[in-house]
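One chain comes next, on its own, written out as structure tokens in the form predicted alone.
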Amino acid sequence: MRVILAQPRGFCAGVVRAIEIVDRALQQHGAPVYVRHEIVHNRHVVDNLRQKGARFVEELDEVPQGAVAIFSAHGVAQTVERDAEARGLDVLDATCPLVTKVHVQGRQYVAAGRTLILIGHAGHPEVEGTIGQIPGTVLLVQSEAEVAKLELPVDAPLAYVTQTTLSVDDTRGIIDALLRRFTDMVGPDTRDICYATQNRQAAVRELSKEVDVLLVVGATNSSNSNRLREIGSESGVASYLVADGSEVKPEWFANVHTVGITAGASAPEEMVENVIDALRALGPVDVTTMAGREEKVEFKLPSKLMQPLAAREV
């Protein structure tokens, strides 16, 4: 069996930063440190950090007063920030800088007197955090059909921003529908779309031209991982989302010669290797990596984690 690995795949810079923030916090402060929600959407990453001493909570009232609290890469509402301050928590914000950029853009649009439209998925932590960061009404739109239902004047001053785990291709139809319906609409440049989402989706489209089956390594609650699987299916390739090698089913590969593997932005490379090992258990495997874009993006850590590790008081 021939296996072709997508390039790029797996961790993006925002996920690398978020995980490193938890690791460094544990080194500086010792266990436990408290993380609000999953730091990223991947069970293996969360379990690994939990074993090191991170405790994952749904709400801040589960965090002892004065303890170290970390916000996940998806971002949080301003009410959460105020609650943390009121409880005297030592906060480390692991929000992806590209998500923070969306928050800033949204506030600027609202300050300029525009009604903000957020293109995204209802219930996603990033969407909930973004809505909670904007001091004003935010209208969530998930499809072109929902654009038609917006009860706004045609000439109303409007602006849009998008969930970062949606690519240019995911949002293009909705943005075009907004521009067709409303006469005073502004939004960010397409260059502001998350680079990692766009790159991984483009790689899967290319990979799908060469393979019989596509495996996407990622979590079921990972928006970008699910979208990668959908793109494979839309390309006419049998596509499956797996957390690790234990979920690989032998019957998927009957009479299959070439398998493509990619990974969502929150899936670690060791899980890709785990899936390859599962394929090797079925027979000989030849692994190659497709030509693709190399990502060199790095995001800075919070300044208080950049200080040399001091000896902790006993």
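Since we're looking at a predicted model, the values are computed, not measured. A residue's number is simply how far along the shown sequence it sits, counting from 1.
If you look for the form predicted together with a small molecule, you will not find it shown, but the lines that follow are about it.
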For the small molecule in the model of the complex, the stretch among 109 to 117, 151 to 159, 222 to 230, 204 to 212 with residues bearing a heavy atom within 4.5 Å is 222 to 230
Students should find that, of Arg87, His124, Arg181, His103, the residue having a non-hydrogen atom no more than 4.5 angstroms from the small molecule in the model of the complex is His124
Query - Contact test in the model of the complex: Ile174 vs the small molecule, heavy atoms, 4.5 Å - result: no
Check: Though only this chain appears here, would Ile70 touch the small molecule in the model of the complex if you measure heavy atom gaps against 4.5 Å?
Finding: no
_is_contact(Val242, the small molecule) in the model of the complex, heavy atom dist at most 4.5 Å_ = no
Indicate whether the small molecule has at least one heavy atom within 4.5 Å of a heavy atom of Val40 in the model of the complex. yes
